[in-house]
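The structure tokens that follow cover one protein chain in two forms, given apart as structure 1 and structure 2.
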Structure 1
């Protein structure tokens, strides 16, 4: 393989994407089969397969068994989100991060949380409440339930030294999850924790994460008034 030939699936993906953007393969056009692409690009067929799967997951090509791959006639880009470490987010804004562990206990989760995670009524989970601070001021309140059957080690972690958010990102792999965003008004407890007036508008994020079929955690993050979310597409 020459230096100009792709050696990774990411490089093959970029090569295929370049041809799509150049209209060498216009919308709806068939893409050469994996064996032909692998021979042309000088790489393994498995490398081509991984690259085409990634493009299909992004909504840029359509793959059908026995029918091969085609450029999507109406491509739909799918948004992806990484789970942010709140400490890094705050520090990237030039502020000093700290957090307060407000509560930590094993308990039965509320019905709505168990339903989201598909857990039985008698499942005991780790309930963690954390207040994240930027320059000593309230940034976000985190209400989290962790499935101890999936992550027993978290019960021994010092979550006053490292937040549950950062500990989970660093130690627990996940394969899928979901996000829900909402605008809500602060109730009495949240208003006190976030040092804002009762009824103030808050951006609220709910998230679940899973490792294949095993639920890991449900989390609700309520941001202080004025928070602005930034992401990329």
Structure 2
């Protein structure tokens, strides 16, 4: 039959993958149970389990107790984006990073921001505006509101030396985040900051961050025109 005893979970994964790709097990079809597969491939059930779990995490098969495993009918492949510190993202491209602290003040957050964070009207917040530069040219504009009740220490940080982005990543743990990608036309202020024409299409990333149930910060990152976010499967 197949090759001699795989016995490593990667080999089991590849064997299953091969049958899926060969349409021996077409989309929607059931896969033999772990015990049978283990017997057939000559390895322990735990090894098969490890392989099938990996495939399930990739979205290629679906597993349910008692119901067994089947090939995903609609292979929802998952693309994963790394959300790094902006400085490191820029330096990874071989460019030089710098940033400008455009504004920083305690203020009352706009209703939309408070709603996102689930905060009441009178919560004290810190508003920080930062321009991130790559090789001296505008890379992205960051508009951020920080919940001072959750992170009072940031008021004493020198955000012109370390960007708010990096300070928060290094100093404040978070457990949950919420991301939204959108495309927006540059308004007059953003156009000036990003040194681009008004109306240019910008890739905008909005992020809300919590530590368990405690809202930490809301951020909107507007990238300069031409920015492309890339990933592979």
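What you see is a predicted model; the values in this text were computed from it and never measured. Superpose the two forms; the largest set of C-alphas matching within 1.5 Å is the rigid core. Numbering follows the first chain given and starts at 1.
- It is structure 1 that shows the chain in the form predicted alone.
- Comparing the forms between structures 1 and 2 on their rigid core, the Cα displacement of residue 40 reaches 2 Å or more.
- After superposing the rigid core, the Cα of residue 173 is displaced by less than 2 Å between structures 1 and 2.
- Relative to the superposed rigid core, the position of the CA of residue 182 differs between structures 1 and 2 by less than 2 Å.
- Taking the rigid core as reference, the CA displacement of residue 13 between structures 1 and 2 comes to 13.7 Å.
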